[in-house]
Each structure stands twice: as structure tokens, then as C-alpha cells.
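First comes one chain, alone, set out as C-alpha cells in the form predicted alone.
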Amino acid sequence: MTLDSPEIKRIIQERSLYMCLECGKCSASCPRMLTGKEYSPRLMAHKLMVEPEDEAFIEHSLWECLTCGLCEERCPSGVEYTQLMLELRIHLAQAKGLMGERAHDGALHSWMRMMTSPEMRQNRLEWITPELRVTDRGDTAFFTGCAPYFDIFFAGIEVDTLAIVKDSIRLLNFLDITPVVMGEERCCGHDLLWSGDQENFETLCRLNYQEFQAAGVKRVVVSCPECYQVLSGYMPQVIEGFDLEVILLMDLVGEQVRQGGVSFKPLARRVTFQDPCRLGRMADHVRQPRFLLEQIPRLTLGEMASHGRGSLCCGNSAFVNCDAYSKRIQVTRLKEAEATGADMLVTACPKCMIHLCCAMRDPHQGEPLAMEVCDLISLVAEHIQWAQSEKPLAASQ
């Protein structure tokens, strides 16, 4: 297999790489390149089109990309660079077994592959306490994702991703929804897909879809942007006859707020918002999280230098490219947050929370970068209340 094979040429053509003007706007906006990494989207494009024989460069650079989509946002020619990277990774993973340098010795990818076993039985619902109303069968399911596992794996950096899941259930209960929470739910497979492991990704899709069908589910609510991207965009490509409605919890809450009948307790804080790549650029959800923050009285939102569709990412994707350059991206982002004068950083993705909290606790930074980090769903759950009542939604346990 060579990098000028018909399959690679097909991918290049379908993702409009031949439209590249070599203007350099992609490289000028690439977070990896701007932090000193020897990686350039423009050079990668040139190599693929003009020097496909330079396999060593291409195969190494392919997994350097964060797939954050910022280069694609700036491209004047409509090159679908992010999807190009994804499809090339899948192709080279299948052809040569390449999957990049995975962080944490590949532990997270390993547990995702473990979930592809149909015989595997999990104990993933022990976090459900009596005040959380859930069911094992119904029209609406809440997809928890890997938050219960992240919470244990990253306990050393004091992140509480499980709180996001609990607060999501509380919000659904507040909206008089008792969601299905599946005891044998698997990881959505995002990280396997974006590291090129399409076979195991598709297995996870099928197993999850079987669980949805067995529980009578018609609508799936998610709070994680990566889960949303997979379930709404990639799972339908795997499952023939896919018939589930997939909705972000923030959209469900936003609809209720716009209809009236709810209000929010005040919070006298200045916050700033971290736009996750899969939420802002890829799902075009820039306005919705800000709308929800604006509903909280006395809360002030200070925007970072890069925000919205032009936001800087958290420095890592699919737990593949985690290194000193990713750390520099995270530190840059934290300094942008600090410059807003905010005393709380609000996120909408457990990965953003993990990576930024990790950077805050790096003992080699030489300067304090600590800031309270809170997920948007948790913040909304803590402050939302029915407008007719002064009784707030109960605090998370």
C-alpha cells in the first residue's frame, strides 16, 4: 500500500483537498503549530497531493492533528480537513495498523475496546441515588457516556465528571422526564473512531443501538458534545434504519426556558465559557450555552480572546496527542480565561474539564493558573427553578 493509492486519492478528492490554494491560513491558525510543534496543515496537504512518497512524514503528521476544526473554519476554499484526517486515519489503521501515540499508555482506548465484548457485564449504575428518578424502559434515554469511568481514572486531578451525569438526570427530572439509563450502555466510541479504529467503533455503535431498541427508546438525550457528535452524526452511518432522535440536554432545557415557567436563582460571579470543538464549530452550538448563562441573574460572562467558532481548543483530542505542546495550548487557554477577570471557567465537555484541570495542576508551570471549573449543565441544574415557586432544584449529592 502506498500513499498515492486510488483509495487515498478518492478521499483527497471527496474532501476537496485539490481546492487548496496553499494560502497558509490553516497553518497560521493551527494551535499545534502556533505552540512550536513541527506540524503544518498546509505542508500536510502539499505532501498528500504532491509528495505522497514521503510516507514517513505523512504517517507521523496524520496523528499530530487535534481535529479541532479551526483550520477548516479559516479555510477560504472549503477543504474538509478534519474529515480528511479522520478518513485517512481509518484507512491507515486498517492498512498498516497505525493508530498514533495514545496517552496514558492507551488505557482509555483499552477499556473502550473491552466494551465491545457482547458478554461483558458492567456495574455502571451504582452512582444512581434514590432521589434520581430513572427507569430501565421508556421513550427517552439519557446517554451517560464515559463520565463514570473518567471520574475514577482522573481522580488524581480532582475532576468530578460524574457530577455532570447526576445533574443531567436531575435536570431531566425537573422537566418531568424519567429517563432510561442503561446498565449495559457502552462508550459511544468517539476516541476509537478518531484514532482510526473503525471496526471496534462500529461494534460499540451496534451494541448501544441494541440496548436502545431493547429498552423501547425513541429519543436519546446527551450532555457530552462528543457523544452527541457520534450518536447524531456517525452512528446513523453504521446502523441501517437508524430511527432515534438525538438531542443535547442544553437544547431541551433551552426550549423549556423559552416557553416560560422557569426562572433562575442569582449567582454573583464573573464567568468565562470554554467552547468545546465538537459543540461550537462542529455542532454550531455557540449561542445556546451563552443563552443559558444569560438567564442566571447577576452572572457576568466575560469572553476570552478566542471564543465561539474561533475558540481555542483544550489541547487534546481522543487522548492521542497529549504532549508538551498540548500543555502549552492548555496554558494559553487558561491565561486567556484569567485575562477576562473571571473567577469560574464554565465548560460543556468532560474532556475540556479534564485537560484544563490537568494543566492547572502541573507542578512545572511556575505560576498559579488555578480557577474553579464547572460544567454548564451542573451550573444550570444548581440554579434553575420553577417560576411559580421559590423552591429550587435540590443540590447534587
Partner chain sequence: MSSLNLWGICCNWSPYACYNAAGMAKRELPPNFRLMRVMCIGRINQALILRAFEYGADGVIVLECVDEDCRYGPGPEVGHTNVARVRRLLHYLGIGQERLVEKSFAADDMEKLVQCLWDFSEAIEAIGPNPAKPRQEREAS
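Quantities reported herein were computed from a predicted structural model and do not represent experimental measurements. Numbering follows the first chain given and starts at 1.
There is also a form predicted together with its partner chain; it is not shown, and the following applies to it.
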{"item": "Site check Y39, R42 and K96: each within 4.5 Å of its partner chain in the model of the complex by heavy atom", "value": "no"}
{"item": "Heavy atom contact within 4.5 Å of its partner chain in the model of the complex, the stretch among 99-107, 249-257, 79-87, 270-278", "value": "99-107"}
{"item": "Listed residue (P118, G241, G261, P130) with a non-hydrogen atom within 4.5 angstroms of its partner chain in the model of the complex", "value": "P118"}
{"item": "In the model of the complex, the residue from T135, Q122, S306, T300 that sits within 4.5 Å of its partner chain by heavy atoms", "value": "Q122"}
{"item": "Its partner chain contact in the model of the complex: M114, any heavy atom under 4.5 Å", "value": "yes"}
{"item": "Any non-hydrogen atom of E199 within 4.5 angstroms of its partner chain in the model of the complex", "value": "yes"}
{"item": "Touches its partner chain in the model of the complex: F153 (any heavy atom, 4.5 Å)", "value": "yes"}
{"item": "Its partner chain contact at Y149 in the model of the complex, heavy atom, 4.5 Å", "value": "yes"}
